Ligand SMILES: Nc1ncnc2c1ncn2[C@@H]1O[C@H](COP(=O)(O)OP(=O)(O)O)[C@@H](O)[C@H]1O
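As a starting point, one isolated chain is supplied in structure tokens, in the form predicted alone.
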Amino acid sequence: MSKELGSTILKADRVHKSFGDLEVLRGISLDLAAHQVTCLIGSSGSGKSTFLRCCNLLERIDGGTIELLNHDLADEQIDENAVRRHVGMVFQSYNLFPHLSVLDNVTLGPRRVLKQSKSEAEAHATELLARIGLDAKANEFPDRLSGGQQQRVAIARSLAMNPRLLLLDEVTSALDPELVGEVLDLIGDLAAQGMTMLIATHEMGFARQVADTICYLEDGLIVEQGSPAQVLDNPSHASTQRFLNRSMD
């Protein structure tokens, strides 16, 4: 993709994270500029999801630094809510509130956190739902929606907070194959509109289409980083090629 990138949104430097004796991140360094889309690829257990969770303070790092919009995420005194106001995160399991309608799911954050009025929040939510083709489902409850529809609502809920950065963690892995395309199309539209995104994905074709940069992770390290053409078509590391060969099987 070709786009004009802006200032640095996220800067990770030699990030380490362990769970007990298991070292999951072993020195991740990564810069993400405004309007850039970076896709993290790699086998399950390579550290993709853990790194995303560290970027949203769902996990605290053990070493190194992460600077997000000039916030030092390693600072023990950091205001987590102040950081999360600027960061949207979408999980593979949707995480919608089952007792709330689609509209209420999307407006909850803006009303509670951004202190928007009900009418302001609902006007923005209605606009977002129309944008993703689900305005007719505004009063439905999540269990009345398909998996693909629920995931699109989850993305709309994150967008309602007007985030500077969107983190997407394997958002299609829980979907039936026929529903994957509608979610990937939405993310592709966001990329074209300039949304800054850090995406963990196992969809190589999608990564090729939307990413400015692809990072291949293995055993908690970024083994290879470059443009989609570099990493997917002409990888310089044998481990990257082995992973891609397995992914194509």
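Please read these numbers as outputs of a predicted model, since none were measured by experiment. Throughout, we count residues from 1 along the sequence that is shown.
This protein has a second form, the form predicted together with the ligand, left out of what is shown; the following refers to that one.
Even though the partner isn't displayed, in the model of the complex is Thr50 close enough to the ligand, meaning a heavy atom within 4.5 Å?
Looking in the model of the complex, residue contacts with the ligand include Thr50, since a heavy atom lies within 4.5 Å.
Considering non-hydrogen atoms and a 4.5 Å limit, does the ligand approach Ala238 in the model of the complex?
Ala238 lies outside the contact set for the ligand.
Close approach of Leu232 to the ligand in the model of the complex, 4.5 Å, heavy atom
No - in the model of the complex, heavy atoms of Leu232 and the ligand never come within 4.5 Å of each other.
Taking the shortest heavy atom distance, is Gly205 within 4.5 Å of the ligand in the model of the complex?
Judged by the heavy-atom cut-off of 4.5 Å, Gly205 is well away from the ligand in the model of the complex.
Candidate stretches 65 to 73, 27 to 35, 189 to 197, 41 to 49 - the one whose heavy atoms come within 4.5 Å of the ligand in the model of the complex
Heavy atoms within 4.5 Å of the ligand in the model of the complex occur in 41 to 49.
Residues within 4.5 Å of the ligand in the model of the complex, restricted to 6 to 22 and counted by heavy atom
The stretch 6 to 22, when checked against the ligand in the model of the complex, contributes Phe19, Leu22 at the 4.5 Å heavy-atom cut-off.
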